[in-house]
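Below, in structure tokens: the form predicted alone, a single chain.
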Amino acid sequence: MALRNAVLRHLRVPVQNLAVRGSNQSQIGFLGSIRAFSSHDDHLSKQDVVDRVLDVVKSFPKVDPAKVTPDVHFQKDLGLDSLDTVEIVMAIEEEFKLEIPDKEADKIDSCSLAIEYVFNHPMSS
């Protein structure tokens, strides 16, 4: 306990009390300047997301790149099965450094849904 008190005595930082001046303005001392941080300032543009999702789908071995558009459906338009769709979603996760929950991944069955999901995800990069 004595060692703890000795260490804490050396680590203490003096703090000034709030001083109220005339018109309800306060001086906060070393806390006077507050810096705001954003969790993710460099969010991708919609066009960047579209281009990268289309590149991922076009690079899939079973896909004809000429058929890939932002509105293409994986099964109806490209003839992919459910396993292929899962593989494309996993490739999108890798491309954008995301982890898409299974419930959400099951809903992504077209380029447009993949684009919307990635664009609206706060941590896509």
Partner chain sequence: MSGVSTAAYFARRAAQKERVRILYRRALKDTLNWAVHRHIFYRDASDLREKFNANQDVEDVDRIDKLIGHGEAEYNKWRHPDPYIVPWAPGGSKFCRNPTPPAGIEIVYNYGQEDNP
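Keep in mind it's a predicted model, so treat the numbers as computed, not measured. Residue numbers count along the first chain shown, from 1.
Below, we turn to the form predicted together with the partner chain, even though it does not appear here.
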In the predicted bound form, does each of 99, 106 and 121 have a heavy atom within 4.5 Å of the partner chain? yes
In the predicted bound form, does residue 46 come within 4.5 Å of the partner chain, counting heavy atoms only? no
Residue 76: touches the partner chain in the predicted bound form, heavy atom cutoff 4.5 angstroms: no
I'd like to know if residue 72 sits close to the partner chain in the predicted bound form, meaning any non-hydrogen atom pair within 4.5 angstroms. no
Within 4.5 Å, heavy atoms only: does residue 94 come near the partner chain in the predicted bound form? yes
I need to confirm a contact call. Of 89, 68, 50, 56, which residue comes within 4.5 Å of the partner chain in the predicted bound form, counting heavy atoms only? 89
In the predicted bound form: members of 67-87 within 4.5 Å of the partner chain, any heavy atom: 81, 82, 83, 84, 86, 87
